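The chain that follows stands alone, in the form predicted on its own, written as structure tokens.
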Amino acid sequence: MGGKEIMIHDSALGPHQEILTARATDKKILGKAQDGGIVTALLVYALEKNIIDGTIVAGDGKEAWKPEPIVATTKKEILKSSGTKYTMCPNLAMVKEATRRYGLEKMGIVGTPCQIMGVRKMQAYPMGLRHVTDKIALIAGIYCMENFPYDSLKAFIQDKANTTPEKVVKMDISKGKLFIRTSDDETAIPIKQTHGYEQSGCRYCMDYVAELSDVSCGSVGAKPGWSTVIKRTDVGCSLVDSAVEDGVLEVTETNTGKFGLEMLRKLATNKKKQRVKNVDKALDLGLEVPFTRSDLKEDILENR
């Protein structure tokens, strides 16, 4: 770790320079954030080191567990917005406002793989976004297999966990189950029971690990309380390395076996393969999807 690494071009996990297992050292962050608290810790660190002067995150909305995008410019605001929300938050809707209303010159963005792809498209084709995309300083991605409309999530909570969103203190996906926790109970819903309730676009998304981000992370491949961190760009590598050196993150040995990186690679590959099948099925039915068969085959299916 440290110094510039060699870029690895990986058909399953996307381009990256290094993969490590880490967690935040700040107990306050660990108490509020998801898993190892990596994204929260990195955003706070980047803010304190003047790498960013604010960041777009999924904040609390008017309804419980229905997030709304906010521009966080303080550690307190970042901490308040920590933790995974399992329904879509339109973070990219705040990109212009972050620069024009809040005056950010070095913007951070947190998003799911589809949102990160949107950011990179903005940067490549900045039509209507002049003097905006050049202010994006950090893009942090979170692993995502699929996301749910709010009404679906609310139905899970009410029908499967026999409670209301207002009483839920945390939700988490691990070991093939969606865990819904209240202050005095926990319900585990097999992920198979949630299929068909996801956002329609999730059926065609090929990206599990936010391949186009500067740095991405999630719990898969790491032991409980830790996260698997994928350092991708020079920006992401520099930030993570500095955070480790300054004691903001601590690192442990990475599990490369079947419950570690092999599991992460398997899930990422399986998502790509399943989405290829979904696209083929949609095309056979004459439905409009933003792919052709020739777009998908070579890199994705070489791992069959």
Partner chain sequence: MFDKLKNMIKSEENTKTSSTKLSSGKKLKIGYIHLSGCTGDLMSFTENYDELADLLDAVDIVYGQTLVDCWEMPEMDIVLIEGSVCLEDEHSVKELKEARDKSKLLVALGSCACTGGFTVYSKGGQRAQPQHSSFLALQRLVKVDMAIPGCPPSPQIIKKVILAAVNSDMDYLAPFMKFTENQDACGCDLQKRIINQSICIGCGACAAACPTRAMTMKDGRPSFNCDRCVKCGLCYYQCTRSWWPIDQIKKEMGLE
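Residue numbers count along the first chain shown, from 1. Everything numeric in this text was worked out from a predicted model, so none of it was measured.
Keep in mind that the form predicted together with the partner chain is missing from the display, and what follows is about it.
Highlighted residues Pro90, Glu97 and Phe291: every one comes within 4.5 Å of the partner chain in the model of the complex, counting any heavy atom. For the partner chain in the model of the complex, the listed stretch (123-131, 160-168, 188-196, 174-182) containing residues with heavy atoms inside 4.5 Å is 123-131. Taking non-hydrogen atoms only, Thr74 never approaches the partner chain to within 4.5 angstroms in the model of the complex. For Cys205, a non-hydrogen atom is located within 4.5 Å of the partner chain in the model of the complex, even though that partner is not displayed.
Though the partner is left out of this view, Val220 does not reach within 4.5 Å of the partner chain in the model of the complex, counting heavy atoms only. The partner chain in the model of the complex comes within 4.5 Å of no heavy atom belonging to Lys266. Put simply, of Lys273, Lys66, Lys49, Lys32 only one has a heavy atom within 4.5 Å of the partner chain in the model of the complex, and it is Lys66. For the residues Met117, Ala137, Met145, Ile142, the 4.5 Å heavy atom test against the partner chain in the model of the complex is passed only by Met117. In the model of the complex, the partner chain lies within 4.5 angstroms of a heavy atom of only one residue of 13-27, namely Pro15.
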